[in-house]
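Presented as structure tokens, the chain that follows is alone, the form predicted on its own.
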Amino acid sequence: MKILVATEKPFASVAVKKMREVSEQAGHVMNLLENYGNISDLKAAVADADALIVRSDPVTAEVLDAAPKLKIVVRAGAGYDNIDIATCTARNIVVMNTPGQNSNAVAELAFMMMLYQARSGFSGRTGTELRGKTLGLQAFGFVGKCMAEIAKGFSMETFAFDPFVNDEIMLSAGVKPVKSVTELYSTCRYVSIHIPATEKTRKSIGYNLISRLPENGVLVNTARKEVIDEDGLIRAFEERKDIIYLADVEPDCSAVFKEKFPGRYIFTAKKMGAQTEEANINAGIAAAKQVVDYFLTGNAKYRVN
């Protein structure tokens, strides 16, 4: 089988080396397409591929049209909204992600932004401490669990809302479960978002939730910008002069924030959650192993379609 690794943002060289070893030891051929600047390059490379591994690269219907042999696509990371799931499903192409490989990197970034904001951006102005503050986790998956572990070191009081996770799992991690997302936002000074972007979650976080944050509340988004209702976000910021927004992706309304809300936000230059050497390596190797295992045994444990 031919496995194509196509990444505009390349994997670390050590990850590529290990991915090639995993592929070739299983009898497959791994081809590499990095730093490509045109979709035509991707279409040409994927023409004879049986498997495709990507990072944030768009796998559109146009790309899939150029890949008649494709059997599996693996997104090296958690989010997979860059892949045309419907077209893959219609063509019996398996789509997987690699959950958990980037979790610690995302959690550390969330805390970095929280600390930077709490200390007034290292401006010399008096800041605050995280110790003893309330932290709310909107979803308690891989990243949420890492967040909870880090929060222990800061002696934060941690709450979580996740209708898909049993209370016992949260309690065993030292986290207090709440019964609704509104309770989470009403209770916690810091609320950190870890939900995927789906039809149900897109624009689900807006004025009604954000305006419930306690005094000096901070909303932290290392998930996807699409889960935020930006009109509602702006309205909440106009009515509340005390709330802060920290995001690992610049929102579409960033110009409004720059004009109206200076000093009340932090936006990373590009999505940085998984941008560590460790996460890069872990996700790439996991993707290669999942492809090999699928061809060998049919294991589709992390299938998302």
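So that there is no doubt, residue numbering starts at 1 and follows the sequence shown. The model shown is predicted, which means the values in this text are computed figures rather than measured ones.
One more form of this protein should be noted, the form predicted together with a small molecule, which is absent from this view; the next part is about it.
Chemist: Can all three of Arg119, Ser192 and Leu219 be found with a heavy atom no more than 4.5 Å from the small molecule in the predicted bound form?
Modeler: Checking in the predicted bound form: none of Arg119, Ser192 and Leu219 is within 4.5 Å of the small molecule.
Chemist: How about Asn102 - does it come within 4.5 Å of the small molecule in the predicted bound form, if we only consider non-hydrogen atoms?
Modeler: Close contact exists here: in the predicted bound form, Asn102 approaches the small molecule to within 4.5 Å, heavy atoms only.
Chemist: Just to confirm, Arg224 within 4.5 Å of the small molecule in the predicted bound form by heavy atoms?
Modeler: Close contact exists here: in the predicted bound form, Arg224 approaches the small molecule to within 4.5 Å, heavy atoms only.
Chemist: Determine whether any heavy atom of Arg264 comes within 4.5 Å of a heavy atom of the small molecule in the predicted bound form, and answer yes or no.
Modeler: No - in the predicted bound form, heavy atoms of Arg264 and the small molecule never come within 4.5 Å of each other.
Chemist: Report yes if any heavy atom of Pro177 sits within 4.5 Å of a heavy atom of the small molecule in the predicted bound form; otherwise report no.
Modeler: Residue-level check for Pro177: no, no contact with the small molecule.
Chemist: Find the only residue in Gly127, Gly232, Gly141, Gly79 having a heavy atom within 4.5 Å of the small molecule in the predicted bound form.
Modeler: Going through each option in turn, the one that passes is Gly79.
Chemist: Go through Val63, Val249, Met30, Ala274 and name the one with a heavy atom inside 4.5 Å of the small molecule in the predicted bound form.
Modeler: Result of the distance check: Ala274.
Chemist: 197 to 205, 69 to 77, 129 to 137, 144 to 152: which one contacts the small molecule in the predicted bound form at 4.5 Å, heavy atom to heavy atom?
Modeler: This holds for exactly one stretch, 69 to 77.
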